[in-house]
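As structure tokens, one chain now follows by itself in the form predicted alone.
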């Protein structure tokens, strides 16, 4: 009999397992959901509970994840590894709304998390579960953000961390974090999908706790992005939520959390979910367009390294939320991503390339008439501007293609004289 108030459920057959079963797949090889007793949750808390915690000085209440703990992971506080995370800003930018073609646009900036990406929301929960299960070693495959987050939270929890990264396919702003936080970093001669295959084999053989998004507790933490976004909006549901799609754990989490909130009666409708993929790493978009199972893309390639994934493990979970919300999956080119990034950065918000697929995708969907100009749209920016500074410099120096040359802001050379400097200032 389970000793915790949650269960693990196969996403295909519905078979359930003990909540403390140290597994990531069902017996049939399908991914797992964490299942909460929603009736119990509804008896314990309501939206007013979460609002009251905003003024609390308790560490777990200040976390934008553990503030919603009853619907995330109701674990004893002694097991929680938190920095704390979340509590990110929802920016309302009329400048970017005009660029996209909307009357109103809100951007939830997950780059404001402790290690600079949304991964911290899932990592705090999965790392807490690792502590609860008595793990002392953790591992992940990563294109960057997951490795940075895992390394930081492993250091917080006092665990050894092992990072498997694709050789030559990672932004240095992210690799630097994994190295700085003490993770053993292993560069694999292959792409992300090969690195993921190897890390799973290592974890199975050596008993290392896996912290990729196939870990269902990662998904639970990432649900909090949607919860906090709605709280920012005083629990008013927007018409659309737009976000990038790589391994698709984030969109899977968003859909799961919103469906749970609707079942609890805390919201009366779902926002439509729009997932945006890069054209060079678009297996989910292709599957959605054809109405067929996902076929992996070999050697996926895009400037947006965080979503450079050809075989996303969470595609079925993500599709569940997209379908339930009557949402959509779209794609954008690297040039469209870079153009959107230039506008996001110039608005003083700033984000890494994968984040800006959100804005590029929203712009495309408005131009196609899928999103109407008067609809309220919230986008998720998944990572910080400084995650990939090389791309910023190369773009503004004219070393990358642009849709609009006026967005360039190249540095200029100047003689070391007052008159020469004033020539640029005046």
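Computed from a predicted structure; not experimentally measured. Positions refer to the first chain, counted from 1.
Omitted here: the form predicted together with a small molecule. The next part is about that form.
(request) Look at the candidate spot formed by 34, 217 and 255 and say whether the small molecule comes within 4.5 Å of a heavy atom in all three of them in the model of the complex. (result) No, the candidate spot makes no contact with the small molecule.
(message) Even though the partner isn't displayed, in the model of the complex is residue 153 close enough to the small molecule, meaning a heavy atom within 4.5 Å?
(response) No - in the model of the complex, heavy atoms of residue 153 and the small molecule never come within 4.5 Å of each other.
(message) Just checking whether residue 245 would be counted as a contact of the small molecule in the model of the complex - the rule being heavy atoms within 4.5 angstroms.
(response) So residue 245 counts as contacting the small molecule.
(request) Mark residue 146 yes when one of its heavy atoms lies within 4.5 Å of a heavy atom of the small molecule in the model of the complex, and no otherwise. (result) Residue 146: contacts the small molecule in the model of the complex.
(message) Taking the small molecule as it sits in the model of the complex, is residue 128 near enough to touch it, meaning that at least one heavy atom pair lies within 4.5 angstroms?
(response) Output for residue 128 is no: heavy atoms all beyond 4.5 Å of the small molecule.
(request) Tell me, please, which stretch of 76-84, 291-299, 347-355, 333-341 lies within 4.5 angstroms of the small molecule in the model of the complex when heavy atoms are compared? (result) Residues of 347-355 come within 4.5 Å of the partner.
(request) Counting non-hydrogen atoms within 4.5 angstroms of the small molecule in the model of the complex, say which of 107, 274, 225, 309 makes the cut. (result) Only one option qualifies, and that one is 309.
(message) Under a 4.5 angstroms heavy atom criterion, identify the one residue in 138, 281, 141, 72 near the small molecule in the model of the complex.
(response) The option sitting close enough to the partner is 141.
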